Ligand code: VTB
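Before any questions on binding or motion, here is one chain by itself as structure tokens, the form predicted on its own.
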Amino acid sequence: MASITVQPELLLERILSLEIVRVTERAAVSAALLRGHGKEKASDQAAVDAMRRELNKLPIDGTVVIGEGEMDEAPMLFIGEKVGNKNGPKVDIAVDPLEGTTLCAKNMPGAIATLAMADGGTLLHAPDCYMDKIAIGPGYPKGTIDLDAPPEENILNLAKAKGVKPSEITAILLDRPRHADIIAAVRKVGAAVSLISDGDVAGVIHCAEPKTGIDIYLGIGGAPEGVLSAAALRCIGGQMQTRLIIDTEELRERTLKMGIKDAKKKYEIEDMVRGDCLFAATGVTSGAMLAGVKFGKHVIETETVVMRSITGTVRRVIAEHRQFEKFHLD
């Protein structure tokens, strides 16, 4: 691929139009080739390799601040890895080349390849740990939700803000034993619960998409996924609060090295993603948000959603790729 020269002030718009889409498309196709084969690590590695190849073609001086582990865990896209051809401005990058590795391995709905990009120094450098989260979509008064409030209080406040009964609210949570008390509290006030096995980036985004019927995200998931989710909500609107779960001495030391001095800080979206940012996700397996990769005899079809915060633009890109072999090997 020939080198692309772009004026710095136009870089994010240029990437928004095509390049960032190509990155997640390639990762999604590479992972989709192993759908249903029960090979979680192999499909994840295929997505990582494809994403790295495409990132290194971009006119950026990029640093992965949200990735898959530390430097000693390479060849994953690790925290601190430098990507891009260096012919452009400095940017922070958050990646989850295959969110839902189990979903892909079992060919279940909702696996995606996802990436966020922002001006250098504007994404939260979060370690690969757990994060407590709460999120809702746009259109509600600030303060409608509070991470420190009981789940039932958040449900009642959201129902009041929406002008509906609590029974018309649906909360989405990861299906984990740790969420038993939250699930009981949500159901006690009459709200419904939608459980997902994996994929909490998509789970948060569902809150901002009326067609999904999801109103609120609750519970503990991954910190990297939390930052990616915040990037998406910064583009399309919504409220989100999070807190890192730092429960070991090793994690405390790592967070300090990343510049996080207050381990108990409650983060708003603006604390996790500052300035202009981009978010893109391509479906690997079909789900509520995106169609999965479709393999035809001579054509591969992908669906991608790409967003930009400064404009509030959301584009859905349905692409047909006709050079099958070259698409996932170059």
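Fair warning: this is a prediction, and the values are worked out from it, not measured in the lab. Don't overthink the numbering: it's just position in the shown sequence, from 1.
Keep in mind that the form predicted in complex with the named molecule is not shown, yet the notes after this line are about it.
Undergrad: If you check in the predicted complex, do D132, A135 and G219 all have a non-hydrogen atom within 4.5 Å of the named molecule?
TA: No, none of the three is in contact.
Undergrad: Check R243 for me: does it contact the named molecule in the predicted complex (non-hydrogen atoms, 4.5 angstroms)?
TA: It does not: once the named molecule is placed as it appears in the predicted complex, R243 has no heavy atom within 4.5 Å of it.
Undergrad: Tell me, yes or no, whether V201 is in contact with the named molecule in the predicted complex, where a contact means a heavy atom of each within 4.5 Å.
TA: Close contact exists here: in the predicted complex, V201 approaches the named molecule to within 4.5 Å, heavy atoms only.
Undergrad: Counting only non-hydrogen atoms and a 4.5 angstroms cut-off, does R176 reach the named molecule in the predicted complex?
TA: Yes - in the predicted complex, heavy atoms of R176 and the named molecule come within 4.5 Å of each other.
Undergrad: Mark G100 yes when one of its heavy atoms lies within 4.5 Å of a heavy atom of the named molecule in the predicted complex, and no otherwise.
TA: Contact check for G100: yes, within 4.5 Å of the named molecule in the predicted complex.
Undergrad: Using a 4.5 Å heavy atom cut-off, which residue among E225, D92, E81, D215 comes into contact with the named molecule in the predicted complex?
TA: Comparing distances to the named molecule in the predicted complex, the residue within 4.5 Å is E225.
Undergrad: Hey, of 231 to 239, 145 to 153, 192 to 200, 252 to 260, which bit sits against the named molecule in the predicted complex at 4.5 Å between non-hydrogen atoms?
TA: Answer to the contact question: 192 to 200.
Undergrad: Out of 242 to 264, which residues reach within 4.5 Å of the named molecule in the predicted complex, heavy atoms considered?
TA: Read in sequence order, no residue approaches the named molecule (within 4.5 Å, in the predicted complex).
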